[in-house]
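Only one chain is shown below, in structure tokens, and it's the form predicted alone.
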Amino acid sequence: MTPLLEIDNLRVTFDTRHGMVTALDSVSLHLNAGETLGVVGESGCGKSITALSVMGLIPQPPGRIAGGSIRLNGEDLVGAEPARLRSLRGSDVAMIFQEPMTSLNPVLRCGDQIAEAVMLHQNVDSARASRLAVELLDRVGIPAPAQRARDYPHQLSGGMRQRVMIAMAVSCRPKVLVADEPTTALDVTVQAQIFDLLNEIQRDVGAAILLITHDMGAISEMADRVAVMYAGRVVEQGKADDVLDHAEHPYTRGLIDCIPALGRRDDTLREIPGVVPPLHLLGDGCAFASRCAHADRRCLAQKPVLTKWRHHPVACHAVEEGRI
């Protein structure tokens, strides 16, 4: 099966006051039609940069795609003309941004923002586009959709604004839907509703979903496959059930251990010690070494390569040498 979306050895750099830093280092992912790929990791691991690269939204300058390819239906988007990228965004690939209050235009009514995307890609008049906008708001579960279409973003709750973003993203039935932490600012009840809605929409329009998240619980709920990222690199990937049941990388194990579990007798909240290091301070070795209980001299001196060892590909010297 030819992947619908294929990212191969993607490298993204940024010019900073510390010099050039690498935000993504040899990232390779693929997404098949109709499936959900979860990309998981802490803040600063490169998840959103991956999403913005797919959308062609890396700010240039200071950022640039320094190497690799991003193929959508076989077409390489790296180096594509801006006009071509604009024609693909919304129609073939669409994005649900992390915070709808900063992504929606505050001075335009919600219905008008959805209708604009419909008119741009479906060649319909404004009256038809407005009707479709109301239908989409109803489709994503917003009550009184005709009234809400006339509201401004600040008049809606966080959950409703996120539903408006989803309605806008699916308005032209894209082949790939990039969801960048779509439930971050929402309470757990609304989070569950949004995940159910994404699953329902995926079944209806047949979209493949690239789900960006920091929550392993969301991965278990939504993803068919998962890629774990740390400091701009993929450190483990495989089928979601396989990675969750047989996590090999110490970082992946740490993310899973951070999930609160009912019935756990341990009364302490587990955490991964330390923080993701600044990108300009990454050395020659494994970026996770300073936080890893299994690190040795080789880990500090040499970057591990993503290689299948037991169950699925993992980048870890300790796994390679059988120390964990």
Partner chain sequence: MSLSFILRRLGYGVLLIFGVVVLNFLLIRLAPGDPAVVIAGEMGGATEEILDRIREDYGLNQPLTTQLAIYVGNVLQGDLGQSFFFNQPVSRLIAQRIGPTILLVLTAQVLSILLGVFLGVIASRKPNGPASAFVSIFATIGYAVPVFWTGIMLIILFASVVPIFPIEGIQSVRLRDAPLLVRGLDIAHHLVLPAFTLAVVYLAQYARLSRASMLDVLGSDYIRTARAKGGSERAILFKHALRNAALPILTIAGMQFGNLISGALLVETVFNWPGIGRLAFDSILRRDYPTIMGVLFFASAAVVVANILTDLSYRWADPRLREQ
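Residue numbers count along the first chain shown, from 1. As the structure is a computational prediction, the values presented were derived from the model and not from experiment.
Just so it is clear, the following notes concern the form predicted together with its partner chain, a form of the same protein that is not shown.
Engineer: Heavy atom within 4.5 Å of its partner chain in the predicted bound form: which of M160, L198, L177, L104 fits that? Just give me the one.
Structural biologist: Of the candidates M160, L198, L177, L104, L104 is the one lying within 4.5 Å of its partner chain in the predicted bound form.
Engineer: Check each of R225, R233, R89, R139 and return the one that places a heavy atom within 4.5 angstroms of its partner chain in the predicted bound form.
Structural biologist: None of the others qualify; the residue that does is R89.
Engineer: Can you check 128 to 136, 236 to 244, 91 to 99, 190 to 198 and let me know which stretch has heavy atoms within 4.5 Å of its partner chain in the predicted bound form?
Structural biologist: That would be stretch 91 to 99.
Engineer: Taking its partner chain in the predicted bound form, would M229, A295 and C299 all count as contacting it (heavy atom within 4.5 Å)?
Structural biologist: No, none of M229, A295 and C299 comes within 4.5 Å of its partner chain in the predicted bound form.
Engineer: Could you confirm whether T213 comes within 4.5 Å of its partner chain in the predicted bound form, counting heavy atoms only?
Structural biologist: No, T213 is distant from the partner.
Engineer: Would L120 sit within 4.5 Å of its partner chain in the predicted bound form, counting heavy atoms only?
Structural biologist: Because a heavy atom of L120 falls inside 4.5 Å of its partner chain in the predicted bound form, the answer is yes.
Engineer: May I ask you to check whether L108 falls inside a 4.5 Å heavy atom distance of its partner chain in the predicted bound form?
Structural biologist: Yes.
Engineer: Classify M165 as contacting or not contacting its partner chain in the predicted bound form by the rule of any non-hydrogen atom within 4.5 angstroms, answering yes or no.
Structural biologist: M165 belongs to the contact set for its partner chain.
Engineer: Going through 145 to 163 from first to last, which residues have a non-hydrogen atom within 4.5 Å of its partner chain in the predicted bound form?
Structural biologist: The stretch 145 to 163, when checked against its partner chain in the predicted bound form, contributes Y152, H154, Q155 at the 4.5 Å heavy-atom cut-off.
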